[in-house]
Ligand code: G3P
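Heads up, the chain below is alone and in the form predicted alone; it's given as structure tokens.
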């Protein structure tokens, strides 16, 4: 299978599934997003000690499971035995950290779309990308786009799969300014740039759009429907949403 992307950015993307409603980056959270009516979800992916791509946001297991320690120090089997719902419900659950493959199967079955955020995985970024690409080849599903705050991961993805769509995420224009970010996106053919809501302005939007770079917006808190409408009016393509209930 030659990797290609049929992905089209929707107006709303579920953030880690729907992380305000269900434990983030779990089958339960992704299923809830689709049940509510979302067409696309964002997930965070990195690899275990035995190189299995799995869903987790942090470098460690501590915040979102009842385990402790670096994700890369444990096999997928060990991680999959942990409780990935306890932190959310404050009681024991049967919710597990899922493999990327199981999520790809779910997304494919529901004919939905997926944004895979490639998480920094110190000294394992290249291997992370290799294993993720292997999984999507096996799944034979193309309605996917990639993103990362880690520039080397974005570049490596495009080197290995130039036809796939990738968006660069920039949380701090003080470190990589707007002009530099635009130059990076153009140089490496990144189709979008993800911007924190706190950094967004119409002026910034105009600069990206003038260079044919789509804008996505994320936030540390749920984005209200009024905020979303203002963003869409200012030419933002997609918004990452933690709780989309008021939108439906």
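Residue numbers count along the first chain shown, from 1. Because the structure is a prediction, the values reported are computed rather than measured.
The next section is about a form of this same protein that is not shown, the form predicted together with the named molecule.
Exactly one of the stretches 201 to 209, 36 to 44, 179 to 187, 65 to 73 approaches the named molecule in the model of the complex with heavy atoms within 4.5 Å, and it is 36 to 44.
Shown alone here, residue 149 lies within 4.5 Å of the named molecule in the model of the complex, counting heavy atoms only. Taking non-hydrogen atoms only, residue 117 approaches the named molecule to within 4.5 angstroms in the model of the complex. Among heavy atoms of residue 169, some come within 4.5 Å of the named molecule in the model of the complex. Although the partner is absent here, residue 49 lies well away from the named molecule in the model of the complex, with no heavy atom inside 4.5 Å. Contacts between 211 to 228 and the named molecule, taken as any heavy atom within 4.5 Å in the model of the complex, involve only 218.
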